[in-house]
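Quick heads-up: it's one chain on its own, the form predicted on its own, in structure tokens.
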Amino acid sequence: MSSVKVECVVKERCEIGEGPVWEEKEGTLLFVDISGQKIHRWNPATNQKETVATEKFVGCAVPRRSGGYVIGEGRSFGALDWESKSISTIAVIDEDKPNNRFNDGKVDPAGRLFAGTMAMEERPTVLELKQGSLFSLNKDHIVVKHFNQVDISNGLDWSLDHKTFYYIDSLTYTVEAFNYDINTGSISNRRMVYKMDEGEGIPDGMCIDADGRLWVACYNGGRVIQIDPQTGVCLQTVKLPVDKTTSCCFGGRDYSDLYVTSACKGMDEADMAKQPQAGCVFRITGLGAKGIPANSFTG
């Protein structure tokens, strides 16, 4: 087993760092600060970070094949032009639920953006339950609602053969799977593939590796875990020096670096003194696992 190393690479804190995406062309890491209302782009080669501010809480930002990004901001899918820092609305969702906002999102292998909603939190993980839904934005900008009754819509990814969609509704403490139809973007046959162990924390963001195993960031668990969705077994646990680990993605030249975002929102001064790196971004190397390139939105 290679020696696993955890290092803090983006030292400026996010309130709620989330949604990391590796941008292969630029060699940059894209991630958001949800309640800080910022989208960041960090270059590990130069250690330079660029930022665009948003008007509302921003749950996710993903690259767009035609340039720029598509974001989930407040209750809107939006298009972001990075150079001009301008955001235009593509579609509005949850119009009957003004207290909702987008959370995590990811692009499927056919170029659709899947993203879910949740109620605004009173404080971390304290919110009105069953208010969220899972949506997808197609390239023609038509929005599909897949299901509702979600507490905190979170991590999502697709199996390597594109036939399974993996999904996390955080407060169920499970990772679930659905049959996936890549042609239509429809999902069916919901089932549980992993139940969190006592002490592992709350399942948050997630990504898949090149062997088809899932990596799950565990909020309030201070770790990422690697699970085998076929057997429902935890294969590996990597501890981090912060409790509120939020999401992860593979990146770097050969996709062998695991980037992990974290949060500090809701922590008091005593907590922050114990965990001064809360809200920073970490890089884990030596895992013996590799990721796969991120998909871009095609519309």
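What you see is a predicted model; the values in this text were computed from it and never measured. Numbers follow the displayed sequence, beginning with 1.
The same protein also has a form predicted in complex with a small molecule, omitted here; what follows describes it.
Against the small molecule in the predicted complex, the set Arg75, Ser133 and Tyr167 makes no contact: no member has a heavy atom within 4.5 Å. Residues within 4.5 angstroms of the small molecule in the predicted complex, judged by any non-hydrogen atom, belong to 116-124 and to none of the other stretches in 116-124, 141-149, 221-229, 83-91. Contact check for Arg101: a non-hydrogen atom falls within 4.5 Å of the small molecule in the predicted complex. The small molecule in the predicted complex is not approached by Leu214, whose heavy atoms all lie more than 4.5 angstroms from it. Using a 4.5 Å cutoff between non-hydrogen atoms, Ile39 does not count as a contact of the small molecule in the predicted complex. Taking the partner from elsewhere, Val260 is found to have every heavy atom lying beyond 4.5 Å of the small molecule in the predicted complex.
Checked against the small molecule in the predicted complex, the candidates Leu29, Ile34, Cys249, Ala61 yield a single residue with a heavy atom inside 4.5 Å, and that residue is Ile34.
Proximity to the small molecule in the predicted complex, taken as a non-hydrogen atom within 4.5 angstroms, holds for one residue of Ile202, Ile187, Ala177, Ala79, which is Ile202.
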